[in-house]
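This document starts with one chain, in the form predicted on its own, laid out as structure tokens.
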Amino acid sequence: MIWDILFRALVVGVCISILLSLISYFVVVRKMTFAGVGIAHSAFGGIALNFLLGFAGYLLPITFSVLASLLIAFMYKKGKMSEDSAIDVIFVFSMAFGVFVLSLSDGYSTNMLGILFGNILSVTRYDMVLSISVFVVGFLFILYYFSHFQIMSYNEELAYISGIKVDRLYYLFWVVLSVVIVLSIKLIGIILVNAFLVLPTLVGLNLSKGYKGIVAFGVLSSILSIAAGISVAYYMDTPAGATIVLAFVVIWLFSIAYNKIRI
């Protein structure tokens, strides 16, 4: 039984971590590292509605997060707000809304730690199948449009001139980011998910100069942190989400040390 749970958690973790690592490159380049926090906490509103209405599954959290992310993108594109400012507005609204809705629910407090920090025991076969499906679609999407996103991240005006449909891809980017973050909450938790949008690229930057190396090392470090975190959590009986992130921080520190030695 426990090996089945660990296997499901590992599959979900690897699928989600690879996608988040790829997205991390663009998040860091665009200096929108607050994005993960905003979207993860937007999902909190949808999760709160699940509790209040007695629903289960991802429909409400994903819907809530996608709508929130599209609103962030719209405020940035049409409202002339900075991305961080737009994210902050949605962040505080979603948290306030989530807490308000949860206060109307009975017995929600027992599930709060799992929501905030993840719960490896809650990962089901359905989560595994859904994560694999999202991984395949998301990976192909990012791979196909990687060069487009790269140009958009460095110079949006050049992207427009090159004929790239910047606005459409920008909105799609936020939708993909929202779905992946919501799927990662069960394993990592709302509070910790942003680590996978920042640390992969930070590790890659310490180990490589070219963008291909940065992305590759980011993906490898993510997979390693998932495997190490789940293993340590099992043998030491510690929270999986927190242990995974701590393992990632250790990998990041090693990458810093390697970078200093290499220089």
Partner chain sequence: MITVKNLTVKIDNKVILDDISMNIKKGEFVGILGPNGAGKTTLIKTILGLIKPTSGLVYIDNMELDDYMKKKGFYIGYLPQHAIVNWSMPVRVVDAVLIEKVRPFGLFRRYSKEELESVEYWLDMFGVKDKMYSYIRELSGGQQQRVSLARCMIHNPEILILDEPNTAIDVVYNTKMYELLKGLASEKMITIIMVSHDIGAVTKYVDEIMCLNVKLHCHSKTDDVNISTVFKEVYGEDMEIVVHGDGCKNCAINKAEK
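Residue numbers count along the first chain shown, from 1. Predicted, not measured: the structure shown is a model, and the values here were computed from it.
Same protein, other form: the form predicted together with the partner chain, not shown, and the subject of what follows.
### Contact assignment for the partner chain in the predicted bound form, among L172, I161, V99, V137, heavy atom within 4.5 Å
By the 4.5 Å heavy-atom cutoff, the listed residue in contact is I161.
### Query
Pick from A195, I226, I214, A68: which residue has any heavy atom within 4.5 angstroms of the partner chain in the predicted bound form?
Only one option qualifies, and that one is I214.
### Query
Every residue in V29, Q150 and Y154 with a non-hydrogen atom within 4.5 Å of the partner chain in the predicted bound form?
The answer is yes: all three residues contact the partner (heavy atom, 4.5 Å cut-off).
### Task
Heavy atoms, 4.5 Å, the partner chain in the predicted bound form: which of 177 to 185, 137 to 145, 123 to 131, 86 to 94 makes the cut? Say which one.
Contact-bearing stretch, as computed: 137 to 145.
### Query
G210 near the partner chain in the predicted bound form, any heavy atom under 4.5 Å?
So G210 counts as contacting the partner chain.
### Task
Tell me, yes or no, whether Y25 is in contact with the partner chain in the predicted bound form, where a contact means a heavy atom of each within 4.5 Å.
Looking in the predicted bound form, residue contacts with the partner chain include Y25, since a heavy atom lies within 4.5 Å.
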